[in-house]
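The chain below stands alone and is given in structure tokens; this is the form predicted alone.
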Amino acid sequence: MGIAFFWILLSVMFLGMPVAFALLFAPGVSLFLEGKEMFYLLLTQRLYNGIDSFPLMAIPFFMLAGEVMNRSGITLSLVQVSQAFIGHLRGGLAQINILSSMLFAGLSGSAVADCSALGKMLIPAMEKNGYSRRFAAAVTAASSVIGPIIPPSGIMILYAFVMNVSVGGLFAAGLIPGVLIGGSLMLMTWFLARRRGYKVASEKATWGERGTAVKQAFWPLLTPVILLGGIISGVFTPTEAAAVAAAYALAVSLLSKTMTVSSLPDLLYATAKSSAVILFLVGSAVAFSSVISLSGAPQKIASFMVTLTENPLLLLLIINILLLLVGMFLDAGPAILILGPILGPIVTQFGIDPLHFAIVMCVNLTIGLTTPPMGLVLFVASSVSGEKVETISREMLPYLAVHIFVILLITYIPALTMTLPRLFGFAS
């Protein structure tokens, strides 16, 4: 069978076929051309088995929690907390945007939700405060990638499912890289604000005012504490944690009267529709990966990589470049589902910890959401701000440099990702 289905896959995706269907079409055609139609049954079985998984139930629950947070106005309370603590810094509203993304990440785990919710609120406010609209959109897009890195994270759940890696371990490993990205973006913003003369957002708040802001956002801010605390302590599994998060978000929103019972049907329908798309994609990717295994493609690619280098550090650099290029054209979820089964075994042969590589891959592909020509977050930021994608992309170049710098840090300093998983017993 060779790797003909890779070329078929790339061709039909280039022609516009949705990724989920392309993942089934490519191996199906390849099997037909090779006269191996007997494997069609395996393809359909793997499609169903890929969806029929208890760990994957976490995805719709986390999506429901994020949808509730978006619609209930909780975003505003997070922005107010950020303003109370850092609004007095140079480039204050841009700094608030980044810190709000870090807080929002612990609730939704979605870059698109982060960019949409915070962008609608902060981009107009930043423009009124003297920032250019393109800069406001660039900051919003650049900081939204923190969403899937600081747990909870949908793409980490996908990776854990496909590669049999601990979800709790991935969540613990993502904390430091997420904070590192946020802090680095804030430093770059401070530098740009000084050069361009951007204002502070407000006077320095008193500790009493900060306490009031935290009190008003206390229950939403408690969400990541409950999630991570429960998973790390073993009180509940990641899937159970997702259900707890959804129930908790609904309870907080209904009891605080920021959302009504009458809005639930529309909310549940939107969540079900989004979840169905993702789960069908997962099933298609599992079927695709079974054909990859039959073809022997991972072994062929591994042999080719070994001919390029036997140095694990150089191998990681090559893979990082590959992932950045892939991220320009493919969304993070499909890229993980396609490339994870191929690259995972290769790095293991070179003695690289699977958990460490998982975070490198997830962070790299998440940052691909902000790179042209197909970065999904760029299009969301463009839609919210009214600026062209190419204009936002040019304004984002300093932030993209920060992203790449952090990728290299977590790639070559494993302690940044492995310390917390080891501390909590997820890695040795």
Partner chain sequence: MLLLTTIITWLGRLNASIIFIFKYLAITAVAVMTLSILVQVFCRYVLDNSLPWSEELARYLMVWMTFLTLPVVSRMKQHAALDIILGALPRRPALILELILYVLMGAVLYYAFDRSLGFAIKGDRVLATALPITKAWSYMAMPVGFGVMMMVYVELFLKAVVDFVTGAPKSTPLASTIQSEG
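Nothing here was measured: the structure is a model prediction, and the numbers come from that model. Residue numbers count along the first chain shown, from 1.
We do not show the form predicted together with the partner chain, though everything after this point is about it.
When the partner chain is considered in the predicted bound form, only one residue from 360, 396, 369, 381 comes within 4.5 Å through any heavy atom, namely 369. Think of it this way: in the predicted bound form, the partner chain has a heavy atom of just one of 168, 182, 106, 333 within 4.5 Å, and the residue is 333. Contact with the partner chain in the predicted bound form, judged as any non-hydrogen atom within 4.5 angstroms, is confined among 264 to 272, 210 to 218, 74 to 82, 251 to 259 to 264 to 272. Within 4.5 Å of some heavy atom of the partner chain in the predicted bound form lies at least one heavy atom of residue 276. The partner chain is not drawn, but in the predicted bound form it has a heavy atom within 4.5 Å of residue 18.
When contacts are judged by a 4.5 Å heavy atom cut-off, residue 41 counts as touching the partner chain in the predicted bound form. Heavy atoms of residue 240 reach within 4.5 Å of the partner chain in the predicted bound form, making it an interface residue.
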